[in-house]
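What follows is a single chain, given as structure tokens, in the form predicted on its own.
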Amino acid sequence: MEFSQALHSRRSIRAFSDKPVPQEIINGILSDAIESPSSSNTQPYKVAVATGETCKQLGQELLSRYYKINKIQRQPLPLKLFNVATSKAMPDGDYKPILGKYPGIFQDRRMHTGKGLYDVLGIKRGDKKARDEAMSRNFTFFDAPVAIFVFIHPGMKFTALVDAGIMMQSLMLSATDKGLGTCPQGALGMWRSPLEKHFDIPNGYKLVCGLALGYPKEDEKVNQYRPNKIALEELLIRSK
């Protein structure tokens, strides 16, 4: 693909086929991602790649925790407080996700995007069960055969997060160029302990998020959904 074509055709895939991704293609995508710029070439990130049985087991472990925490949220306050203090299902990620409303205009954009996605999925606003089921698919990576987890070294402070974001964009564009799809997922940063069962995570590295990778399932409307982007005028900060 030409760069602009890859950039504009990339979108978050939420329905993957079960077609396995050959290891040489995964390696090629990761090798492309390594070419990303970083602060003073520090490259303060690492990735854990789950495929095959490891990917399936991780998905089931994360899904189980999601259902447990979802159940706790519906309990009466005293029981909820007790389970929050004792349940192993509580999030143990390194970075706290944004809970509740986003600030200002960002909540408006979030709501607009969510409504568009649920409209495509045929989920009505008041259908909590369907919304929960849609959310749960995050934790089995939308059936993708590959799940990638991104870690950074906090010693590089905020630049590590910037550099990891640049690396992930390179990874996603490389995957798009090779005919694959991706979905970056902040939800996959909620639980770290399941990953520690499967990967020897280097000391000091913190889990940021995850990313689903695979071949998009054909004829799935959800894979065509693309939320509106801001206009150029809204991006620019005007001079005084």
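If you're wondering where the values come from, they're calculated on a predicted model, not measured in any experiment. One-based numbering along the sequence shown.
Omitted from view is the form predicted in complex with a small molecule, to which the following refers.
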| task | Determine whether any heavy atom of residue 47 comes within 4.5 Å of a heavy atom of the small molecule in the predicted bound form, and answer yes or no. | result | no
| 4.5 Å heavy atom contact, residue 207 and the small molecule in the predicted bound form | no
| message | Check residue 171 for me: does it contact the small molecule in the predicted bound form (non-hydrogen atoms, 4.5 angstroms)? | response | no
| said: Although the partner isn't part of this model, could you tell me whether residue 73 comes within 4.5 Å of the small molecule in the predicted bound form, counting any heavy atom of the residue? | reply: no
| Non-hydrogen atom within 4.5 Å of the small molecule in the predicted bound form for each of 68, 86 and 193 | no
| Location of the small molecule contact in the predicted bound form, chosen stretch of 180-188, 36-44, 197-205, 50-58 [non-hydrogen atom, 4.5 Å] | 180-188
